[in-house]
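Two forms of a single protein chain come next, each set out by itself as C-alpha cells; they are called structure 1 and structure 2.
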Structure 1
C-alpha cells in the first residue's frame, strides 16, 4: 500500500513573528519575499505531522510504503529530514514555486502522484504556515478525482478505504471514505517523531530522486498562474492599551472592573 506525503519548506513562523514584533522583517526587492537570512527554513509543521501520520500507518503494517514529495527550488534538507524520520522514498519535484500559484502546484503534485503509480492515501498539511491557504490539497484531490477530508487528527485503515477523525471546532467528527483519498493533517495528531542519530546519519547520504516538471505532461495553460502574489507587508496595529497600574493586586482588579462597567463591557454599567 502506497502512502504519499506532500511536504513543503517554509520559513520558521516563530522567527518571522519575532522579526515582525521587532519591526525588523525585511522584504526583498521583488516586494514579496522575506529575506532575513537568519530565519531558519523548516519543513512545514503540519507536513511533518502528515508524515508522522503516514509513519504510524507503516508502524502498524509493514506493507505500507511512505513516499514524500516536495516541490520547490531547494527541498534537499527537508527531504533528508523526511528520510531520517523514516520515509521510504524521497522525491524532489524540481519546479520554482515563485512562478506558480497554489492551483498549478496542486496540479503538478497530482500529476506526479498519478504518473508514479497512484496512491491509496495522499497526506498533506492542513495549510502552509506562510501562506495559510490550504488550497494545494484541494486542487490535488480534484486533479486525481479523489475525495478530500480536511483537518484530521487520526487516519486509520478501514475496509478498502479510511476512517478519519476530523478535529472540528465542535469536537471530533469521524468520517469514512471507501476509496483512496486526500487527507489533510492538523496539529491535533500529536508531535512528530524525532529521527534517531543513526537514521540522521544514514539520511545524510540519501539524495532525493529528481522529477522534472516537464515530464508530467501538463500544458502551459494548466501551469499558468491564475493569481499572482504581488506584495508582502506588515500590517499596522492600532493598539491603545491603557495599563492599569499601581496599588495592590486587589486595587488593580477593582480599577479594571470599574473601567469595564463604565465601558459596559460587563453588566451593571454606570447607568
Structure 2
C-alpha cells in the first residue's frame, strides 16, 4: 500500500512574524519575494502533519510505504527531515516554484504520482503557511481523477478505502471513501513525531531521487501560470497601549469598565 505525501518548503512563519513586528522584513527589488537571508526555511507545518498521518498508518500496517515528494531547488533539507521522521522514499521535482502557479504545481505533482505507479492515498497539508491558499490539493485530485477530502484530523484504513474524520466548525464529520483519494490534513491531527538523533544521522546520508519535469509529459501550456503574483507588501503595524489609572485594584477595575462602556465595547448597566 503506497501513501504519497506532498511537502513544501516555506519560510519559518514565526521568524517572518517577528521581522514584521520589528519592521525589518524586506521585500526584494522584484516586489514579490522576501530577501531576509537569516530567516530559516522549514517544512510547511501542515505538510509535516500530513507526513505524521502517513507514518501513523505505517505504524499500524507494515505493508504501508510512505513516499514524500517536494518541488523546488531548496527542498533537500525538508526531504532529509522527512527521511528522519520515517519516510521510505524521498523525491525531488526539479522545477522552480517561482515560475509556476498553484495549478501548474498541482498538475506536476499529479503527473509524478501517476507516472511513479500511483498511490492508494495522497496526503497534503490543508494549506501552505506562506500563502494560505490551499489550492494545490484540489488541482492534484483533479489531475489524478480522485476524490478530495479536506481538513482531516484522522485517516484510517476502512475496507478497500479510507475512513476520514474531518474537523469542521460544527464538529467532527466522518467520511467513508471506498477508493483511492487525496486528503488534506489539518492541525487537529496533533503534533508530528520528533526524529531521533540516530534517524537524523542516517537521514543526512540519504539523497532524494531527482525527477525532471520534462520527463512527466506535460506541455508548456499545461505548466503556464494562470495566476501571477504582481506584488507583495509588508503591513504597517501600529501599537496602541493605554494604562488604566487608579489607586486600588477596585478603582482600576471600575475605570476599565467605565472606559469599555464609553467605547461601547460592552453594554451599559450598573457596575
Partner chain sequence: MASRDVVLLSIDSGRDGLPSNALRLAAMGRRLADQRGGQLRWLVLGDLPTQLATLAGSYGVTAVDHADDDSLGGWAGDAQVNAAASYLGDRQGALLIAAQTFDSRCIVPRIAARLGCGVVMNVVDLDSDDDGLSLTAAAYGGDTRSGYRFEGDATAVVALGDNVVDAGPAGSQGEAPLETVSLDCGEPERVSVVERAVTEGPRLEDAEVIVAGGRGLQDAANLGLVEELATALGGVVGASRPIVDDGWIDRSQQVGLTGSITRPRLYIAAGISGASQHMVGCTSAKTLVAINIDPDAAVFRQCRYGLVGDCLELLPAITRAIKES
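Think of the rigid core as the biggest set of C-alphas that the two forms share within 1.5 Å after superposition. All of these numbers come straight from a predicted model, not from anything done at the bench. Residue numbers count along the first chain shown, from 1.
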Exercise for review: Could you let me know which number goes with the form predicted in complex with its partner chain?
Suggested key: 1
Review point. After the core is matched up, is the C-alpha of residue 12 off by 2 Å or more between structure 1 and structure 2?
Key: no
Exercise for review: Please say whether, between structure 1 and structure 2, the C-alpha of residue 246 moves by 2 Å or more once the core is aligned.
Suggested key: yes
Check your understanding: Once you lay the two forms on top of each other by their rigid core, how far has the C-alpha of residue 260 moved between structure 1 and structure 2, in Å?
Key -> 3.7
